[in-house]
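One chain comes next, on its own, written out as structure tokens in the form predicted on its own.
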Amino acid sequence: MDDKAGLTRREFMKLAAAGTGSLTLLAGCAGPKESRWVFLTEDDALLLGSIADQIVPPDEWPGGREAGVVTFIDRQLAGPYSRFQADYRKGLDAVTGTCLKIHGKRFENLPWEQQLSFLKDMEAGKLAGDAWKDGFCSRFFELLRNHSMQGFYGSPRHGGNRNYVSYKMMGLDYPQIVGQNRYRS
């Protein structure tokens, strides 16, 4: 290139590459926001957090939501519990649809007592509608309860029991996991 133009060919290529990289970065920033959930949607996570707090209510100790039950369930549904994915999709959609039909609000927006009453009806198999037929109502509640308890009382390495809350609540030390290092002196 000519010195009068002010740029060498090499400098021009550097600027062109930097400009292309900047445009690519900006396009990525403007795209859809990454979800922190692996299987669940944001709406699913809000709903599941409210259900987890009903199953393990907060008091002087954190409840299910704060203890990471939703994170535990999300991770497990993307892995070892993948066989329950269809049940969770169907069940969470049914909870939302039934609450909107009965109360005109999503489950997570209902007052505490209405949430509790809804879950009691679910457990007893008393919810009506196509989604709840053939005992799915009580089976889904049992699944939610079992997974919430596993997330609250299980090992924090699986995403639940954040900050060892259930161990502290019960006055237990964190159980040491003996692994490869057990043979070291």
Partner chain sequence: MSKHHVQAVVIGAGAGGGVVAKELSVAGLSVVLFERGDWVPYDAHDHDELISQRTTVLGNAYGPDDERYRRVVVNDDGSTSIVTPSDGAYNNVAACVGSGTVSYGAMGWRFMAEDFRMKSVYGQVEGSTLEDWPIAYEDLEHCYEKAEWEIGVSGDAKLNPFASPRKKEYPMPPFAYNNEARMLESTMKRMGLHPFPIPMLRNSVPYSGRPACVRRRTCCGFGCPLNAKCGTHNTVIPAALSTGNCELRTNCVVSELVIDGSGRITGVAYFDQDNTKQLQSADIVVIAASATETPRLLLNSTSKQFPSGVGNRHDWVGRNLQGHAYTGAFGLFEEDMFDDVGPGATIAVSDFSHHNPGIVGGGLLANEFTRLPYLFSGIRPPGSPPWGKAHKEFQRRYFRRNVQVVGPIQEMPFFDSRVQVDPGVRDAWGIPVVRLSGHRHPKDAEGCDFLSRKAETILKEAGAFQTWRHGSGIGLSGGQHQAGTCRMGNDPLTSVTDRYGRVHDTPNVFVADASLHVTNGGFNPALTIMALGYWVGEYISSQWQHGNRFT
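Residue numbers count along the first chain shown, from 1. Here the structure is a predicted model, which means the values were calculated and not measured.
Keep in mind that the form predicted together with its partner chain is missing from the display, and what follows is about it.
Although the partner is absent here, Y81 lies within 4.5 Å of its partner chain in the model of the complex, judged by heavy atoms. The shortest heavy atom separation between V56 and its partner chain in the model of the complex is within 4.5 Å. Of the heavy atoms in K126, none are within 4.5 Å of its partner chain in the model of the complex. Within 4.5 Å of some heavy atom of its partner chain in the model of the complex lies at least one heavy atom of K120.
Interface residues of 114-152, taken as those with a heavy atom within 4.5 Å of its partner chain in the model of the complex (partner not displayed): L116, L119, K120, E123, F141, R145, N146, M149, Q150, F152, in sequence order.
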